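Taking the form predicted alone, here's one chain by itself in structure tokens.
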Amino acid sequence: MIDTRRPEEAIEQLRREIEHHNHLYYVEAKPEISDYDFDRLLEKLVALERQHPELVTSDSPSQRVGGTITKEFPSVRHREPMLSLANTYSLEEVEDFYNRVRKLLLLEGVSDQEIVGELKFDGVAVSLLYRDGLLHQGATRGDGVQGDDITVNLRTIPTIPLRLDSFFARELQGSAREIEVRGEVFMRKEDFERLNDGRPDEDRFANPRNATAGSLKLQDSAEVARRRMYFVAYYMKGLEDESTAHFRRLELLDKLGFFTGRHYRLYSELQGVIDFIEEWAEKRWKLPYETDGVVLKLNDVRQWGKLGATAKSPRWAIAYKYPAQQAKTVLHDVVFQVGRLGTITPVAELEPVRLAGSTVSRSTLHNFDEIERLGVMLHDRVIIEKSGEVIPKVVRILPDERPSDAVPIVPPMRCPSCGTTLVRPENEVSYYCPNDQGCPAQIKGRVLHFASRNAMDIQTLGDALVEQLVAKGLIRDPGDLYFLQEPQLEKLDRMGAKSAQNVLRALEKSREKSYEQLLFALGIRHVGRATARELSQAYQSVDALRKASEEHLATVPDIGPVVARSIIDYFSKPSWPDFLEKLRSAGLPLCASESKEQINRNFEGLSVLFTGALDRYDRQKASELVLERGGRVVGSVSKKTGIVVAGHDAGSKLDKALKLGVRIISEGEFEAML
């Protein structure tokens, strides 16, 4: 049938239909059509808009697919500070909070007290600004006062409405033309696992929150769209009646088309609050996303300003966080994995047990010193815990329950991948396979490292594909990747012409990476990203680096005798000349490009270390800003470190800096120094 409607009518109808199904799928979790049918509708809309570009609008569903490249995210100032909540792990402190709020309210002459209980989503806080019903701006929390404008990336998230007008007149009668919605961007468990699937160990995201934070700062919005993130709304400001209670605001957000989780509840007594916390201690594991606690807020918004806030947190709200869950199980066996550098890692095979919402059957034991420290034996009863509720680890054994058939865990004599006799270097905790050129597991590990995101970023090279390439003898080192032919790839399992072409395109694109990234991709032992950066500045080409003496290498900042020896050993391998020739023939960046012009000297003479998660910069961008101002970026803390920039969740490096008396600054102070 020929469509006789005018283009604007057909486009508007498609948009309404797509947004309707989008809401059913992502917010209501009640899809009425298949993914295929939804994609067909979207393709039809995109095709029509290409024919009539004058009809494209900012709120069209076609704008969610991304494609914009953003070099920088400008800073924006929040209308009101975005404060972080005070955390507690104690029900007694929850009771203290409840009673403290009651006393403060009584001082204001208020006797009624209602508390809203909400689930605490483990995500990244953002603020959305709508003008006349259209999404105008989206920003990260940043330091609470100002954040980064990431609107182009937030538009790709399906649970962020691009337009509110269909509800605006009915639900927000007479409201101001501008409203602000705050919430968290998060990633569902299955989408997080899909994102990590096939990534080498050193390039895997630790948890969904880290993956979300990194994804929101990507410069390619099309890649952001592919990562499938969600937004949960938990506050709205800009109503005509600002006395509207918080619980009512959550209901309005629901009606406006936002995802809220709909698990919020209203309580007038402390016992109801405690029951809510205890109810979700177990129920949360059945949810498709991570929740690490419960947020409690005073329902009467009129009192928020009167109760005020401390320097960092409001007095009218608190976050109760659940402690890490543990489980008891049996260690049945230990298998030994081989890393890209030949390192043998013992992995415990456990009696499957439910822990923190998933079934755990394996856990790393790190090395044999850790096995000795734990005193663990085969068939032992052990306690496991999820670090950050993601990575399982054995935390202790139950010696009183040790069975009579328990036997010590013995290091293997030969490599489980190639059968070569293992070695254990003096003063090291790990065993190694010395057959670096012939061990399939090591070859596979080196290729995956070479292709990883922070190295050559060849995203189409997953674990299964690399394993096939190695097993069939098509590659023996990363240099062989650039000489693969389309017919060779097409013959592999789960590959066809289109997949083969995608691999070759990704390889071609990797030729555009920097010399610094190539040095990291080589996989030299002890050479991480920061060390690769130092080497790229000290030696302007691979040829210059491989000719450097051990004594000269040791004088480079952040490189001591151990790293220097490792570099010398790497370039002295018999396989190196052949590998170098492959890289040269492939046109890879074997020397540095012209250095960037120095902007100022604000960091001259300073060595800077970044630890924890930054809000406004990814680690690569922050490092470039330091280098452009005459500074150095280092990867470890010492007495010579000039400044430590501490972000969220900073760990052991921050602790060491405090002990050594190294100057520590916040992200805001770092930005001021720029």
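All residue numbers are counted from 1 along the displayed sequence. Quick caveat: nothing in here was measured; it's all calculated off a predicted structure.
The same protein has a further form, the form predicted together with ligand IVH, not shown here; the description that follows concerns it.
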- request: Please check if residue 314 has a heavy atom lying within 4.5 Å of any heavy atom of ligand IVH in the predicted bound form.
  value: yes
message: in the predicted bound form, is there a heavy atom of ligand IVH that lies within 4.5 Å of any heavy atom of residue 155, even though the partner is absent here?
response: no
field: Heavy atom of residue 380 within 4.5 Å of ligand IVH in the predicted bound form
entry: no
message: Can you tell me whether residue 514 touches ligand IVH? I mean in the predicted bound form, with a 4.5 angstroms heavy atom cut-off.
response: no
message: For the interface check, one of 121-129, 403-411, 327-335, 223-231 should have non-hydrogen atoms within 4.5 Å of ligand IVH in the predicted bound form; which one?
response: 121-129
task: Give a yes or no on whether every one of 96, 268 and 271 sits within 4.5 angstroms of ligand IVH in the predicted bound form by heavy atom.
output: no
Listed residue (145, 391, 85, 580) with a non-hydrogen atom within 4.5 angstroms of ligand IVH in the predicted bound form: 85
- request: Note which of 444, 249, 141, 163 lies within 4.5 Å of ligand IVH in the predicted bound form, where distance is taken over heavy atoms; exactly one does.
  value: 141
- prompt: Going by heavy atoms, what in 273-308 lies within 4.5 angstroms of ligand IVH in the predicted bound form?
  reply: 295, 297
